[in-house]
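First, one chain by itself: the form predicted on its own, in structure tokens.
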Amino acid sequence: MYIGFSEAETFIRNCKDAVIITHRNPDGDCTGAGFAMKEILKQLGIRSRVVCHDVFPKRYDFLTGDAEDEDFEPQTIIAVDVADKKLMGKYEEIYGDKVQLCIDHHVSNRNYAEKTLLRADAAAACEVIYDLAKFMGLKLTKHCIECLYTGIATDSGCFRFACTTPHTHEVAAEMMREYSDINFTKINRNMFDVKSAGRIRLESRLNDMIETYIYGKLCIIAVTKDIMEELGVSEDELEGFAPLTIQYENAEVGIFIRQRADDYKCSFRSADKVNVSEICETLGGGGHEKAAGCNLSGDLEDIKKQLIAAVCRAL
């Protein structure tokens, strides 16, 4: 059931002992949303803990580092930035059918929770949570704002992606005016400019790794575990490469593939008119019109054929 801010506020103010679920391969938005929600619940005197199938990347230590996991039997299950319970990984079996509140911004949300606060026009789940907190009249802590700003900045590509709206800029401006003691420039530098030696080596290889199909309308880059090992790159360092796949001048769709322990994560980007969320839904995934994804298992070359066929049908 889809709900508005008023019903979400009532639920949050009356909940107890909450588990906050984030998605696999945590990015800045789900990490920021998870720990911002934890901070909000703490402010309301509600115990909570944030869980994720994967370890949160070190680059988000400034968001996760001081969090204390309290021991309690959960009475409330909240999911943030999780469009489909399949994205919970190992937590799907434990909590997938028990989610009471989902806060999300993906148009492809499966409506799996009892209550879903969905704002598909928001650049990030963190933008939704910020607006909810303001609706609730809460005075947010410095750390909570750091979490929310990080999520908005990363999911909007530092305010460059199509999901960025005037309201997204307004939210960022409000944060910067009201929390002038936060070093927002440092957050942006750490999220977008600071890179490991392995990531820099990988970047220099990417142009040679681009494969083009459908007369240049589709570009694919695939990074396997062998390549990661060769260059000394961890899986979480591959975040942020998907937009490179639509830099090719004729590209309409780009796909960045990265190998994981048990499957391949395929991140789609649209250069202009193609709705990649619809393509990904045919492959068991989803997301936004301009940025979406799916997870596929099997042989990499067979997966590429499957992806090419799906894009061909869409074009």
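Values in this document were obtained by computation on a predicted structure and should not be read as measured data. Counting begins at 1, following the sequence as shown.
From this point on, the text means the form predicted in complex with another copy of the chain, which you will not see here.
- For the chain shown alone, I182 is not a contact residue for another copy of the chain in the model of the complex, no non-hydrogen atom being within 4.5 angstroms.
- Put simply, F72 is far from another copy of the chain in the model of the complex: not one heavy atom of it is within 4.5 Å.
- Using a 4.5 angstroms limit between non-hydrogen atoms, T164 touches another copy of the chain in the model of the complex.
- Among residues of the shown chain, F56 is not one whose heavy atoms approach another copy of the chain to within 4.5 Å in the model of the complex.
- The contact residue chosen from K90, K225, K134, H169 relative to another copy of the chain in the model of the complex is H169, the criterion being a non-hydrogen atom within 4.5 angstroms.
- Taking L283, L41, V274, I246 one by one, only a single residue has any non-hydrogen atom within 4.5 Å of another copy of the chain in the model of the complex, and it is I246.
- The stretch from 78-86, 116-124, 103-111, 155-163 that comes within 4.5 Å of another copy of the chain in the model of the complex, counting heavy atoms only, is 155-163.
- Looking at another copy of the chain in the model of the complex, residues S6, A18 and I94 place no heavy atom within 4.5 Å of it.
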